[in-house]
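Before any questions on binding or motion, here is one chain by itself as structure tokens, the form predicted on its own.
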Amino acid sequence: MLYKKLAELYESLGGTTKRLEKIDILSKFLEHLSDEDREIIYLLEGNIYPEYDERKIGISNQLAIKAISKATGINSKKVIQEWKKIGDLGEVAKKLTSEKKQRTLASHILTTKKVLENLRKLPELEGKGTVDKKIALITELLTSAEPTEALYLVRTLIGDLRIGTQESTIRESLAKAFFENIDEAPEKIQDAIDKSNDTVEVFDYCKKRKIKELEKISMQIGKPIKAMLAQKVSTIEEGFKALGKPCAIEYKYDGFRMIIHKKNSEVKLFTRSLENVTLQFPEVVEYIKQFVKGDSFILDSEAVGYDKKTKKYTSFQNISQRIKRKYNIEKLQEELPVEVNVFDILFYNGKSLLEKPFEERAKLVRKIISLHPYKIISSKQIITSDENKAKEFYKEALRNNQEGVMMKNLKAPYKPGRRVGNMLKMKPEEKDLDLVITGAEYGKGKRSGWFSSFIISCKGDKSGEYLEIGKVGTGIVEKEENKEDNEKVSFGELTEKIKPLIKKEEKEGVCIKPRIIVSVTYQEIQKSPNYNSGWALRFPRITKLRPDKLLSEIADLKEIEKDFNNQKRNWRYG
């Protein structure tokens, strides 16, 4: 397929904010998409491979600027000037491409095959001369691109496509294209996506136009699967009312989610954001091989840090640095040990357990794991109908430095990637939200050289929309050495994380790609015309970075409104 045709589709999708119109446009495109061009679906998601694949494009704004300069023959300083003026590197590429006096002899008509081919070479490049090789691959595409093609090429490169198509849009579009009159189609397609994390594989099955075919898509050992997520409750009574009695109550650990795959002698470890961290946690691999019975399985667990001397559990922030580190593993393993707390099992010895009730899955976990405290254990659990026992268990969890408790429906299946009502989390009354940083302002005085104030946003109602809900500059330390027990993030650390994500420079600060997720505490939520969400957090404070979380997991407008209504009720009735 000509890339021009895909660019025209991008234009159509980006040209409407109406979800149903997007679905209509995309469904017609997918209905006639050939087998040869099926991997275009990855490009529609802003990717070059399935979501679970670790190979990403990974091009910075600065490298994109160099490629635009080389392809158009315009000085990099002029490209940067245009970027500051326009605020969108894609639009800069479009403008400068249209101003080229004549096309070069090396130009040719772009195809989607050629675009994917060049983009897929980018993450493979390593070693000396890598930057020049990457620029050459990008320049080859931009030299051949028409202005609108250049716009979307650059946006794809820097991960800022801006067409408003996410997984849910593709799901509904597939349903409309191939199963228009089947009500259960969106749910069946979502199940297939959740199991495979590969929209192209799901597309292949949808093309058969037999809804039952989708049930053939199953989990695969070694391919990451999204974790099931919990909803919030404020009290034990509220939890029992939602789940019924009896229910399982377990510790809510202050660690990070670890999905463990084993097939024969091979073990792979993934975070909830589908990142492979097997190399970072070699001791966990050994625990699985030694202390868990079974030829093949997928376990859901939480890795929790602890102090080797006191044996006290530590916070997530203490061990979070191990997730990204790929060097000095043995030293980190010694300094920041983890205990694996297994609480669920999704697959065992060749069979999916997703549809089995939680009580069966929980029993199997306890049957196959040999308990070795401070290495691997099954989650601390009680099954009860007694509210007083549940409350005492909750207090015990807090005394043991955990976040709170999870309450689980004993009959519930496992729903990958879903925030379900049959699994609830309860933490102390301190109000907190997971939000994303979308902007930052420059520091002054002793904080000059850093960004010192950060705009935080929640998810909007529209696909890919992030709405501002406040500005925060507290909870952050000024110097790295002032950090106590790795609990805090420093201004310098945040500044370095933000620089590669800058989309637009403004007089007092920058707009950035929504990538950095933070946990934020606050005193209360207020209605506010100052932010485009319509809400504002009073006295917000950043407590920690959450590199283990996905953008899909941050708070949305419904959660903000629910928390607002709950706080008003609590204020009135104490």
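Each residue number is its position in the shown sequence, starting from 1. All values derive from a computational prediction rather than experimental measurement.
Separately, the form predicted in complex with adenosine monophosphate (AMP) exists; it is not shown, and the next lines address it.
Just one listed stretch, out of 324-332, 145-153, 390-398, 420-428, contacts adenosine monophosphate (AMP) in the predicted bound form at the 4.5 Å heavy atom level, and that stretch is 420-428. Using a 4.5 angstroms limit between non-hydrogen atoms, I217 is distant from adenosine monophosphate (AMP) in the predicted bound form. Proximity of S452 to adenosine monophosphate (AMP) in the predicted bound form falls outside the 4.5 Å heavy atom cutoff. Within 4.5 Å of some heavy atom of adenosine monophosphate (AMP) in the predicted bound form lies at least one heavy atom of F343. Interface membership of E339, defined by any non-hydrogen atom within 4.5 Å of adenosine monophosphate (AMP) in the predicted bound form, is ruled out. M406 is the sole member of I259, I236, V79, M406 with a non-hydrogen atom lying within 4.5 angstroms of adenosine monophosphate (AMP) in the predicted bound form. Distance criterion of 4.5 Å from any heavy atom to adenosine monophosphate (AMP) in the predicted bound form singles out E250 from the list E250, E468, E172, D191. Heavy atoms closer than or equal to 4.5 Å to adenosine monophosphate (AMP) in the predicted bound form belong, across 277-316, to one residue only: E302.
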